[in-house]
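A lone chain, given as structure tokens: the form predicted on its own.
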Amino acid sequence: MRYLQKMGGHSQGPPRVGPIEVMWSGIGSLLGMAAVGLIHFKLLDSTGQIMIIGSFGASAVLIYGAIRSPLAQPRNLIGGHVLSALVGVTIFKLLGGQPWLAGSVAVSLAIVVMHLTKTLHPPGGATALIAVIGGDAVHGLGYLYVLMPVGLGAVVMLVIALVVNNIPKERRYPEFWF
């Protein structure tokens, strides 16, 4: 019974975010995702290269909508994605014949690596999983996946976050770099 009581929660939910904060979160995510999407669909699409991956959507929530969270800081954004991509590609190369196993090992090991390096960024788990289940376009990249789309895409989103999140006087990003 005590075990189940722990699941009841022990505090109130977070306060509502004000309309200005909501507006700047929306503007930042629109510009960040548009920049990555523009590079993907207008510059790289005809080359067969990729620049946009699903985990960037989750990163956008953090770096534009939860800018004070430790999980949204540059170290976590870049480190979490890059290290998770390295883990994902490596595990795919080792266990790719068993995608159910490779996916679960890649996500779990990515979490461990992010914890050990103090770069925990929840979208990194998806980045590792995409390396395993992303199909021929991702698998064909091999370790290039780590640099592009993952590294370069995260840097593009970070640059947009640095600009947009510091326009309003009541917002400041980042809280820390390292």
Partner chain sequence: MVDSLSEGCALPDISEQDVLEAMKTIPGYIDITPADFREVYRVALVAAQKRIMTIVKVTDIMSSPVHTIQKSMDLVRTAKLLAERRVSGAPVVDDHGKVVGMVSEKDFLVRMGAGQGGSFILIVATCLKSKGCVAAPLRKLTAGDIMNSPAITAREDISAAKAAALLMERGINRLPIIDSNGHPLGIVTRSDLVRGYGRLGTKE
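In this text, all values refer to a predicted model and were calculated from it rather than measured experimentally. Numbering follows the first chain given and starts at 1.
Another form, the form predicted in complex with its partner chain, is not on view; read the next lines as being about it.
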| item | value |
| --- | --- |
| Candidate stretches 36-44, 107-115, 58-66, 143-151, one within 4.5 Å of its partner chain in the predicted bound form by heavy atom | 58-66 |
| In the predicted bound form, Met23 touching its partner chain (heavy atom, 4.5 Å) | no |
| Ile167: touches its partner chain in the predicted bound form, heavy atom cutoff 4.5 angstroms | no |
| 4.5 angstroms heavy atom contact with its partner chain in the predicted bound form for Val82 | no |
| Contact flag, Leu71 vs its partner chain in the predicted bound form, heavy atom cut 4.5 Å | yes |
| Interface residues of 5-24 toward its partner chain, as seen in the predicted bound form [heavy atoms, 4.5 Å] | His10, Ser11, Gln12, Gly13, Pro14, Pro15, Val17, Glu21 |
